[in-house]
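A lone chain, given as structure tokens: the form predicted alone.
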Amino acid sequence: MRPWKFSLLMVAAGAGVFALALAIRSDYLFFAGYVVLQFIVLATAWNILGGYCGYVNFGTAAFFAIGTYTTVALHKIGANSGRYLSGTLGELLQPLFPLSVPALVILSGAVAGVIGLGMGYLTLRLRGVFFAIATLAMAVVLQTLVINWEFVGGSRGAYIIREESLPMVGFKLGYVQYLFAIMLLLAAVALSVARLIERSRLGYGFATIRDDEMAAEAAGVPTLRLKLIATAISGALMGMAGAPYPYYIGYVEPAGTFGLQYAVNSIAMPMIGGTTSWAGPLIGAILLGSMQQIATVTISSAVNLLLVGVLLVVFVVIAPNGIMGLIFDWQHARRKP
């Protein structure tokens, strides 16, 4: 299937899911569905660097927070445009504010992508556990900066005031439904990008890095350039996933935004689904994300990380290559005479 056909298929599937959710008329479905879709984007983004290239990144929460606090900063500027936008340049920019959520998603992705490129340039000469520790350290440094950045609320956090609903053609759409639709579209974009990479020369280059980076360098593969591209794309998608979060939650503070669940889930979901295919993070995010949402309602959100640990142990023992690995093994066995 050609990339543009796959993208149209993803958009059509997203539209079908949105129409079904509207027909069910359950507000909780939109609240919970938004979280699952958010993790689909984060898991897919992590897999571009961690699965395709084999570089384990513990900095997912940092890039998610970059997108979140980019939105907070731009929202504050838009709410006080007369104060913060002065001079000739400010007068030119003032009509653009307040920015719409899709515009904030694009700008947050651009900021996170640039920071991802810079982070990659500083850390990608490290390998293995040293790279993983460096990404974790970067997350800690960024959290410290945000805690001391009073413009976005610092350690106190920041409130985001949004409308209850948006006037659409012929009816009013609830704001959470609106955010659900945006995240649904973003998930379709992330999956389309991941599939396009997997089946392109760029993806084959990523695979050589994952299989044997030293041999790839000896063969003339520009490994550093490919890894920088991977960190930029991965960081941009993570930042885009974090951009609508302030409008979804209403209150943003560093401890929640840099939460452990983002780093842990974004790694566990591709490992459960399978890291060598675009479909692996999708399957893992739907499976684990849905179980966590059910557990949150029926038991407590405190068991979410326990679910991650149990599922990881089960899949490491039963299916070390994830669900997609089981499917590939089954298909390979069927082809044998």
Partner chain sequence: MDIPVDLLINAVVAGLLIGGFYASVTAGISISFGMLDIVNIAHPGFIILGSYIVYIINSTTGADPVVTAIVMLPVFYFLGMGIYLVYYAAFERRGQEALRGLAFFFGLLFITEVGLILAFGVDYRYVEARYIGPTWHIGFVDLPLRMLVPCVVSLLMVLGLQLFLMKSFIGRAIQAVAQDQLALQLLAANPTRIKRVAFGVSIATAALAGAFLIIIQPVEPSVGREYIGRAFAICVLGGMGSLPGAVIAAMLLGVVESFTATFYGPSWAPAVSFGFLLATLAVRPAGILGR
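Numbering follows the first chain given and starts at 1. Note that the structure is predicted; figures quoted are calculated from it, not measured. Between two forms, the rigid core is the largest collection of C-alphas that superpose within 1.5 Å.
Note that the form predicted in complex with its partner chain isn't included here; everything after this is about it.
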Response to the item:
Answer key, its partner chain contact in the predicted complex at 4.5 Å (heavy atoms) among 197, 111, 263, 189: the residue is 263
Item to complete: With its partner chain left out of view, choose which of 223, 257, 177, 123 has a non-hydrogen atom within 4.5 angstroms of it in the predicted complex.
Response: 123
Worksheet item: Among 25 to 33, 299 to 307, 282 to 290, 63 to 71, which stretch has residues with heavy atoms no more than 4.5 Å from its partner chain in the predicted complex?
Response: 299 to 307
Discussion item. Just checking whether residue 38 would be counted as a contact of its partner chain in the predicted complex - the rule being heavy atoms within 4.5 angstroms.
Written reply: no
Discussion item. Test of understanding: in the predicted complex, would residue 129 fall inside 4.5 Å of its partner chain by heavy atoms?
Written reply: yes
Worksheet item: Would residue 232 count as a contact of its partner chain in the predicted complex, using a 4.5 angstroms cut-off between non-hydrogen atoms?
Response: no
Item to complete: Tell me, yes or no, whether residue 145 is in contact with its partner chain in the predicted complex, where a contact means a heavy atom of each within 4.5 Å.
Response: yes
Discussion item. Does its partner chain, in the predicted complex, lie within 4.5 angstroms of each residue among 267, 275 and 313, using heavy atoms as the measure?
Written reply: yes
Discussion item. For residue 17, does the CA position differ by 2 Å or more between the shown form and the other one when the superposition is done on the rigid core?
Written reply: no
Worksheet item: Core aligned, does the CA of residue 29 move at least 2 Å between the shown form and the other one?
Response: no
Worksheet item: Under a superposition restricted to the rigid core, does residue 312 display a Cα displacement of 2 angstroms or more between the shown form and the other one?
Response: yes
